[in-house]
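First comes one chain, alone, set out as structure tokens in the form predicted on its own.
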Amino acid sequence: MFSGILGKKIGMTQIFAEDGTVVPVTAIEAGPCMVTQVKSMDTDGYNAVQLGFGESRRLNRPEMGHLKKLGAFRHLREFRFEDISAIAPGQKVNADIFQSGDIVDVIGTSKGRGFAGVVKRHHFSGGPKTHGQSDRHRAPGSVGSGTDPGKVWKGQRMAGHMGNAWVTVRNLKVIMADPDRNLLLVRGAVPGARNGLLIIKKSTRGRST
């Protein structure tokens, strides 16, 4: 029924496959989550289910009224559904919706790097390292012509805020699913730092190699 869940990044490690090869994996605490709201086409214009995850130490009065004593959740996220007839608030969602071998997409917030130059942010090579160049080693160079177009194009790659963005990594294979410990091991890396919020969804765009 459920195709996605909220989780928390624990960290990376490695395990040995049956043929002896080393497999890099990310450990994810997937759930438990609770259905906090069900949205329908009649009342909201679309069908969706809101899940709550993580414990919050403090809720304001609007949040307390919204959750209606279901729990103090730190994170609330929506998942679109076609059929919501069998879903009700208070229903729990665990890691048992996944099995070993499933292909998933993982969404998270990347690590923030602050203000970064073009060499770090866009992998520019920088200017010449000799012939009298004293301060052009990591400079971007020309960012636009003078008369035509006479401006800097929108989207021009320049220095600026790097990271802290919503990132999706697709087609990661579930190496192990342990519902008893709400644990998922997925092959490869996922966005964000340890303890960062993750959205794990079953992939619909093919399989990973």
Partner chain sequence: MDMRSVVDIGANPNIAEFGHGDTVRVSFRVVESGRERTQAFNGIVIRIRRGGAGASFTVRQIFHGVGVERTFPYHSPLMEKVEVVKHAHVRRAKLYYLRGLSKKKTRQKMKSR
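Positions refer to the first chain, counted from 1. Predicted, not measured: the structure shown is a model, and the values here were computed from it.
Note that the form predicted together with the partner chain isn't included here; everything after this is about it.
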Assert contact_stretch over 26 to 34, 140 to 148, 161 to 169, 48 to 56 against the partner chain in the model of the complex, heavy atom within 4.5 Å, equals 26 to 34
The unique member of Leu67, Val38, Leu183, Ile175 whose heavy atoms fall within 4.5 Å of the partner chain in the model of the complex
Leu183
So in the model of the complex, does Ala193 come within 4.5 Å of the partner chain, heavy atom to heavy atom?
no
Residue-level contact is defined here as any heavy atom of the residue lying within 4.5 Å of the partner chain in the model of the complex; does Ala189 satisfy this criterion?
no
Using a 4.5 Å cut-off on any heavy atom, which residues of 2 to 20 would contact the partner chain in the model of the complex?
Ile10, Gly11, Met12, Thr13, Gln14, Ile15, Phe16, Ala17, Glu18, Asp19, Gly20
